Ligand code: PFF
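What follows is a single chain, given as structure tokens, in the form predicted alone.
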């Protein structure tokens, strides 16, 4: 698109506002709609699978202290930054990070290329997340059909999961047929929601999906609260001690840097900050919409889902049935085992096990799809905003490209491809992108002007201490995380020292593919900005 017809921007004061562009962009239907959509983006598999696994693997309550500190110093500031930057970029007709970054720092011709991460990261996550999401839909069906009823121990349930994933062949599954069928259903469901746009697709879907998700979660929550000790010989294996495992801290564990890094990483995942999704969602706000109250409400909704429900369903129940020692070994065995192995075994021991199993896995499916549709939106918005494509064409291009890119995650799961995609798309670049955002917002634009922009149209006042936190503490926290990763993990990761020799060709191929994706996006950004004249930012 060209901005030639909009070169004259009226002067205002105290805000980064811009005039509306002639190209009409989609908008949210209501404040509730955008809150539900952003909360849906944040509430995903990480709330109910990754969070409990991290708590169990990091000594229970010891994890919660750095978790809440990271929420206050990292998650909430980044959440407000992304809402504010996104609303600002939407005023210039941009819904993705390249355009938003360039709108903020127009004198720097390279800053838009840093914004590529805000498209690249969500797309990388989408191409493996959708496949994992499809497992939850499959297990919802398996629960109703009683397909794993006869399994009574973790060995049998692990074998069931492995065969479904195509990692082995047994009496339950001989190939990937079932898994691929449910992947197709899940992929089509995502495409359908994305196709119908912001208001008619994502907002409408989240408005009914989130209440249903919370209904299922609260039913399971109250069912867990009613659990008694199943083994009279082990009365300490009860629900109260299960909650004690989650909340009673071992303060000696706080001396471990690993616990702090894990907690900070979980905050990124749980709030969907540093990915680029909130940036895109906020771009569809009107310039007077409140980002403080809306952002805080969405974050609070996510924390309710994660801490109160995600941390109170699977961990206390696992404690009751497996005890304090076994629960940690289960958590260390993998995120998938906690949700797809341990929880089904627990539910099999309860009355109405088929219904309880369906509730568990279908709430995971709803959490997954509200997140995956948000992961697709940055790429779709980029095609719409920067190439003037209609929604249907942009979605068609995205779905074809994403479907092709999903295949390695499906067929080479056993070779570590999903883990590799998760590291680069969902870990490393996530922190890099967040670091760029906070420096751009608080140092390049300037904290005083940024503070005014945060509060434009706001019903709430952000505590003044956050002016200092956003400018100094949050970037230092991010640099610390990056520094620790480089110090502890960079060399082993680059040289694949922890990768089995037989899997190294697959990992190398994945990295080459990711590099090709990034270069392709850089070329598209260059093409989109060729001859483009962005209006100057409003005088402050």
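Quick caveat, the model's predicted, so the values are computed rather than measured. Residue numbers count along the first chain shown, from 1.
Just so you know, the form predicted in complex with ligand PFF exists too; it's not on screen, but the next bit is about it.
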Proximity of residue 283 to ligand PFF in the model of the complex, heavy atoms at 4.5 Å:
no
Residue 125, heavy atom within 4.5 angstroms of ligand PFF in the model of the complex:
yes
Using 4.5 Å between non-hydrogen atoms, is residue 275 touching ligand PFF in the model of the complex?
yes
Any chance residue 371 has a heavy atom within 4.5 Å of ligand PFF in the model of the complex?
yes
Looking at 101, 269, 340, 120, which is the one with a non-hydrogen atom within 4.5 Å of ligand PFF in the model of the complex?
269
Residue (of 319, 183, 129, 361) lying close to ligand PFF in the model of the complex, criterion heavy atoms within 4.5 Å:
129
To test your reading of this chain, name the stretch in 372 to 380, 130 to 138, 247 to 255, 166 to 174 whose heavy atoms come within 4.5 Å of ligand PFF in the model of the complex.
372 to 380
